[in-house]
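This document opens with one chain alone, in structure tokens, the form predicted on its own.
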């Protein structure tokens, strides 16, 4: 993964093209999984499957979209997993959460490239993604599972929707934080860059490390 750096136009590269590509692969496949999954979960929402090409098409594409999502999540783990580890600064940030909720960013402790909230989101999707993969494979190949191992079917039937509902909650938080709470965050996963003011305000330690790297190269 390339190190974020200062750009010639005075902005800061937050996400490389590869990182953004992987992010959108995960996002688009997840939205498709969300819609088709809800369609098969409740008769009241079955119209979604009809709008997406019909029940047969949705049921066939759902597990394949699940594989795309899992592969994207695994790649994100390879890209960001090391940066998502808990640090001593995370505790101070979490204790100052009321200031964050009130948009009092000047009262928040300095954080690196990802704040503790983003780390919780990341690990939530990671573990739920693994549960969805395991339970999804069982549901995909149910006919191949012998009756003596029927407990696996019960496991999948319970775990798959529970893990999916947890990801829906995380997804709603992710969309809200990226579009409404932190203005400029959504643009960073589209264009890849943010303003220096945004970087310094929301991720000061990360910004200072970039400035330091830039100065060292000079």
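Quick caveat, the model's predicted, so the values are computed rather than measured. Numbering follows the first chain given and starts at 1.
Absent from the display: the form predicted in complex with a small molecule. The rest refers to it.
Is there a heavy atom of residue 133 lying 4.5 Å or less from a heavy atom of the small molecule in the predicted bound form?
-> Residue-level check for residue 133: yes, a contact with the small molecule.
Are any of the heavy atoms in residue 155 no more than 4.5 Å from a heavy atom of the small molecule in the predicted bound form?
-> Outside the cut-off, so no.
Distance check, residue 41 to the small molecule in the predicted bound form, heavy atom within 4.5 Å = Yes, residue 41 is a contact residue.
Is residue 111 close enough to touch the small molecule in the predicted bound form, meaning at least one heavy atom pair within 4.5 Å?
-> Contact check for residue 111: no, nothing within 4.5 Å of the small molecule in the predicted bound form.
Out of the stretches listed (92-100, 115-123, 136-144, 76-84), which one is close to the small molecule in the predicted bound form, meaning heavy atoms within 4.5 Å?
-> Among the candidates, contact is made by 136-144.
Even though the small molecule is not shown here, does it sit in the predicted bound form so that 37, 59 and 66 each have a heavy atom within 4.5 Å?
-> Looking in the predicted bound form, the three residues 37, 59 and 66 all sit within 4.5 Å of the small molecule (heavy atoms).
Tell me, out of 49, 33, 170, 177, which residue has a non-hydrogen atom within 4.5 angstroms of the small molecule in the predicted bound form.
-> By the 4.5 Å heavy-atom cutoff, the listed residue in contact is 33.
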